[in-house]
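Here's a solo chain for you in structure tokens, the form predicted alone.
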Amino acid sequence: MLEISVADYEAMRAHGEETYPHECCGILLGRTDVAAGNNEVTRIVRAGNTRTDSAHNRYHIAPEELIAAQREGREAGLDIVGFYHSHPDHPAQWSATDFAEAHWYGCSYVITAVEGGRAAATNSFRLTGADEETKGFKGEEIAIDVLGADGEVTGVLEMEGKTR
């Protein structure tokens, strides 16, 4: 399961709307609870899509941005627990290219469909396996933490695959 605050969830979706008709992309920082099988997101880091040939249906995060996010996470006691990107006018389902370019095992890969400039469904997929021969994507639930005025979690909205 992917756990994320409502603010970070909405920020990912807004990022997709802002970059439409191009794909947006970013990095999810947080912690992995191996025993529970959860990736808990505590911070998102927006990244620029450096694809110049087909930014409408591909994304690439520059190595410098990835290293900077990793450093930011390390300083805060966080790890990279996943990545997000948008699919302009396409479903929130991983593509053959998404699969081929996924290499962070155990990480969550979040995809938001942006239809006509508006965020639609958001889905998350966990990259399973240990190497290229055994890797696979497995759909995972998204648990959105609802925060009270004091910043404490007051509830959780659990989404199975297709959300909003």
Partner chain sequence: MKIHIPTPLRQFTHGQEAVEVSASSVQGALDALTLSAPELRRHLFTEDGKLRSFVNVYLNEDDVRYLPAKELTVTTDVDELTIIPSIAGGSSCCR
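Just so we're clear, the structure is a prediction, and the values are computed from it rather than from any experiment. Numbering follows the first chain given and starts at 1.
As for the form predicted in complex with its partner chain, it is not shown, yet the points below apply to it.
Screening 46, 126, 43, 60 for any heavy atom within 4.5 Å of its partner chain in the predicted bound form leaves a single hit, 60. When contacts are judged by a 4.5 Å heavy atom cut-off, residue 66 counts as touching its partner chain in the predicted bound form.
Of the heavy atoms in residue 130, some are within 4.5 Å of its partner chain in the predicted bound form. In the predicted bound form, its partner chain lies within 4.5 Å of some heavy atom of residue 23. The shortest heavy atom separation between residue 96 and its partner chain in the predicted bound form is within 4.5 Å.
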